[in-house]
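Okay, so here's just one chain, in structure tokens, the form predicted alone.
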């Protein structure tokens, strides 16, 4: 990785540095390789560490770099398409669903989710936790909220624990006739529990995908999936919206 004098560059220094670093990533570094530390990089390019951090943060947002706890900053793998559009018009856990159930508990959902479900703010619902990986790397964590009246035939769940309990809720939900679903996507910051599951630092950028499932003329379940923003991006095509995850 060579040196570059940035003092005479008219554009912001961090932006030009980002371009220089991008060229270096393409020509000198392999996927998963650890970059030199910030002090070494700042000295090599003759910039302040604050400028370097801005460039690294931009590259992380663009999915070129990943910051891993206890490891450092590494070169990110290529992004791979993960569809979240109309092509996945099915119940959670049905068919070729790539999510892995973790557990299920009874708990009151966040206020925003309770409003979508039409439940009282303090009403407990089945809360199914699932995770999704790609190339052996965690890329998303999901909480699926299912009111008890959406799965009234669910019995003897108290004897189940972990993934078995989660699967029981999913199986009962799939008995309903799915009438439709809709999704919204927004940029957010990883909460502490999500960051731990996704191997990210708390506050790291994430994409929040909220899905409402309809049956019997009402909302019967709401899923909130948290995707790593450093490995995901949205695209739009003939098949609808897609989330590209690395």
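Rigid core (definition): largest C-alpha set, two forms, superposition within 1.5 Å. Positions refer to the first chain, counted from 1. It should be emphasised that the depicted structure is a prediction, and the values quoted were computed from it without experimental measurement.
Keep in mind that the form predicted in complex with the DNA is missing from the display, and what follows is about it.
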{"property": "Among 22 to 30, 63 to 71, 207 to 215, 178 to 186, the region lying within 4.5 Å of the DNA in the model of the complex by heavy atom distance", "result": "63 to 71"}
{"property": "Residue 220: touches the DNA in the model of the complex, heavy atom cutoff 4.5 angstroms", "result": "no"}
{"property": "Heavy atom of residue 47 within 4.5 Å of the DNA in the model of the complex", "result": "yes"}
{"property": "Residue contact check: residue 193 to the DNA in the model of the complex, 4.5 Å heavy atom", "result": "no"}
{"property": "The DNA contact in the model of the complex: residue 13, any heavy atom under 4.5 Å", "result": "yes"}
{"property": "Partner contacts for 26 to 46, taking the DNA in the model of the complex and a 4.5 Å heavy atom cut-off", "result": "36, 37, 38, 39, 46"}
{"property": "Rigid core superposition, residue 120 Cα moves 2 angstroms or more between this form and the one not shown", "result": "no"}
{"property": "Displaced residue check between this form and the one not shown: residue 67, CA, 2 Å or over, core reference", "result": "yes"}
{"property": "Cα distance between residue 39 and residue 69, which in the model of the complex differs by 3 Å or more from this form, closer or farther", "result": "closer"}
